[in-house]
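Heads up, the chain below is alone and in the form predicted alone; it's given as structure tokens.
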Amino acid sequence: MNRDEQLRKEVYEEMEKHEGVVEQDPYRLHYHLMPPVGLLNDPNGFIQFKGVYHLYYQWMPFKTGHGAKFWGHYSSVDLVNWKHEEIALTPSEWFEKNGCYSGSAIEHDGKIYAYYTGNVKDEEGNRESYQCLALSEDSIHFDKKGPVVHLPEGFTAHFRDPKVWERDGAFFMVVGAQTTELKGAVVLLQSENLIDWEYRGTLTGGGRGKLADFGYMFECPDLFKLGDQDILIFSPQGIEGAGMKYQNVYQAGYVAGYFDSAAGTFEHGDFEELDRGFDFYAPQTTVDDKGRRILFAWMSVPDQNEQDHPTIEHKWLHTMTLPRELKLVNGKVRQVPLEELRHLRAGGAIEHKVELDKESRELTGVNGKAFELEIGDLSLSEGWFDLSIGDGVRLVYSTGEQVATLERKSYVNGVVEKRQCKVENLKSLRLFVDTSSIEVFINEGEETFTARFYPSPNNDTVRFGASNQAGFTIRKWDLNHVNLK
């Protein structure tokens, strides 16, 4: 039995060993992608291949901490129902022995070309990184070709997360990087055949331009066209908080501009956060056969109290966001829930037309652990409007300050903590609640909040309140439990 086979055997034994413990967790989600056991983080290799969507992901199956990652694999024909497939990549070769780290996938000549970072560390903790290639004809079994990009001069070994795409008759790769001056950067490479890659230089950051001193590391870059602009998504590390911005340990966001493929340059505007909540990182996109730009993100943030989540005692940690469609509206990226998510609905909607007058109350049938909630036709007088989910999370809108706030009871110390953003006029809300997660879409995706939260397991209440007068309509659906086996 070779190293690859041995690792696979150990993973499946671990899954079988802890299956009962995992499934007994009251905070296990109903319709989000989670690890069967252990820790899940970055989405990887997101692609639609031969009509099927594939989401590979960073997976540590042996513990709820980080380490030598595998590529786990989910597949779906409808982006609602998912099947957990065989392990795609194991850290079995010399160039990846400390982890098959994040990367991407592209289809070419009927095959999946998967690019990922091979992580190597010596006994002293010194790191080497290699951008590696693996090929698949069936999306399940991969033939590793080894490193195809080695570390360019001027960068530390924190050089990872290749994202590959085709444009203007050539193939391009962006890689997240750190310069030897400890500046975050995105690096550009080009290829004619997806095997031989030419280094084109720093695309942004690295001590130059608008992002000259924007943190010490850029992770998970993704460059694509959306509407009439090019969007570069990435996750910078080392950004200081500024008012309501940058309140998590690390950030995830984008810059919009114009990529010149011939010159290898990218002129862009200022950085914008993609999500205003507590738990959103390492987003990755793909385009499907309907022409939609679809995004998944990891519903967490590295090094942000990860080991305090109560799911750890049940041998699992973290989840993906719901898949979201990206749209460009007035130069700004909006995220909206995919149309397919309507198929999660169990039966018809519970509907209410509500008038509040300096009061807080519950509404008949508007409660539960896994549901979708649409709030529209909002008419707010002065003061604030809020809604609370169980005893774990509260969303507040202040009409005077024009600020939306998401509050949650910290799972670390029980203290209420908050994230905020400016919203000039609250028109609508759409919420997806799933046991221990919430995703909030404000004004059809103008802003989003994403968070994990841990209410009392027996508390499934939803309360609405207003300091003065508030009128609105509600539609609420219970959402089905999706089997991820």
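Computed from a predicted structure; not experimentally measured. Residue numbers run from 1 along the displayed sequence.
Keep in mind that the form predicted together with a small molecule is missing from the display, and what follows is about it.
At the 4.5 Å threshold, heavy atoms of Thr448 stay clear of the small molecule in the predicted bound form, well away from it. In the predicted bound form, at least one heavy atom of Pro302 sits within 4.5 Å of the small molecule.
Interface residue remark: Thr64 is not counted as part of the site for the small molecule in the predicted bound form, having no heavy atom within 4.5 Å. In the predicted bound form, Arg324 stays away from the small molecule, with no heavy atom inside 4.5 Å. Heavy atoms within 4.5 Å of the small molecule in the predicted bound form are found in exactly one of 410-418, 153-161, 376-384, 329-337, that being 153-161. Out of the listed residues Gln284, Ser102, Ser129, Thr204, Ser102 is the one that sits within 4.5 Å of the small molecule in the predicted bound form by at least one heavy atom.
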